[in-house]
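Below you'll find only one chain, the form predicted on its own, shown as structure tokens.
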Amino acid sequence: MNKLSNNNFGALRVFHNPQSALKDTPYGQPASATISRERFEIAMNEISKWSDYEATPLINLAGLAKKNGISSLFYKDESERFNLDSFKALGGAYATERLLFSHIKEQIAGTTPTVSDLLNGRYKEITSKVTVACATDGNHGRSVAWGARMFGCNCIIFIHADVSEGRKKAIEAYGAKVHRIKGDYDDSIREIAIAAEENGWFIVSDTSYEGYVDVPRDVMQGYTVMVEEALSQLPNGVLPSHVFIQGGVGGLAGAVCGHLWETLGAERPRFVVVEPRRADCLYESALHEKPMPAKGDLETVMAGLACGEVSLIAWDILCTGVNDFITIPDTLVGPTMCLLADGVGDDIPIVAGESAVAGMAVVLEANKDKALAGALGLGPDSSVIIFGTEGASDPEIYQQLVGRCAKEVKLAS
């Protein structure tokens, strides 16, 4: 285990990854087996045909950038993606679509179903007999449930003991049957795998494990639509020097890292993964140079990041694509959400959920700690992108942390 670059900066733990690839290292295997521009083009073509598809905004937070002593700070606001409050709509629903395509082809030899076919119910005799299932902390399950309703199949979701009632109801609103289990997120993954085998359900998971990679690969590839949008929305001549991204099982981080690496090559940004202190599986994996479980108990306000085990195909990208792995305490979450809700200078107020602000919290801490800023290479010439992955996905928790509801924040913008 390499401990030489494992440092504490106040409540933050920072590990500079000694395995990170040099800037001019070409993108290739095994990362390209999971994320590639060829498969991105397919995902973009499919997702852009869904009803109400439109790119989410990339917000230029000039006031916050100035306050933090960096050149520019951009926030990709996923709070209204397909009205699901989360970027997850791009992953779970897309994987559900791809799974249904495969199933229809198996049932009717020689056919090539399309998005329009699913949306207009052409194959409803087949899809209505399919049940997709997953375990979730909230947002992924909501995406799968939404996709199942959109494409005409059934849906069963397992949630664990700590998933809020608000997130449970949000999933049920799309017609899914929701079953709450004892234990944590990883327990729910194991239980639904058993139930799916017994009942003939199709699992649509956002994490991969030994023998299960195809569906999680589709989930991750769907996320790259968000990344490409962000690149196309940057001002002319501007490329990010840094990207801060949330951890979880690593699916989102792997998708963003892989797409940026392949697309930008040697101009790709410094890539920083941020996790809750008590849900640190990626940090631990980096320390040990192999997939490892979290050391913490997974108790965190960042509910969408409360994951204890790494997605294997995501790790194939992250093990060399990430420059820095960081863990943060929950105490930074509420103040960061409030700062974004208030706006700085002429910045518009932003509704950012608990799991959306991990990277932003590190940027703010770096402004207070020059040693941390130096360790991350943040300075006056830095241009940063934050992927704000969710809005008020649980309105009650959002109001508790920010002191006002999401609607009030939006009305102030």
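Residues carry their position along the shown sequence, with the first being 1. What you see is a predicted model, and the numbers here were worked out from it, not measured in a lab.
From this point on, the text means the form predicted in complex with a small molecule, which you will not see here.
Asker: With the partner absent here, would 139, 248 and 389 each sit within 4.5 Å of the small molecule in the predicted complex, counting heavy atoms only?
Answerer: Yes, each of 139, 248 and 389 comes within 4.5 Å of the small molecule in the predicted complex.
Asker: So the small molecule isn't shown here. In the predicted complex, which residue out of 240, 216, 304, 258 has a non-hydrogen atom within 4.5 Å of it?
Answerer: Partner contact (heavy atom, 4.5 Å) among the options: 304.
Asker: From the list 151, 283, 74, 87, which entry has a heavy atom within 4.5 Å of the small molecule in the predicted complex?
Answerer: Selected option: 87.
Asker: Name the stretch: of 229-237, 250-258, 99-107, 336-344, exactly one has residues whose heavy atoms fall within 4.5 Å of the small molecule in the predicted complex.
Answerer: Among the candidates, contact is made by 250-258.
Asker: So in the predicted complex, does residue 355 come within 4.5 Å of the small molecule, heavy atom to heavy atom?
Answerer: Yes, residue 355 sits close enough to the small molecule in the predicted complex that at least one of its heavy atoms falls within 4.5 Å.
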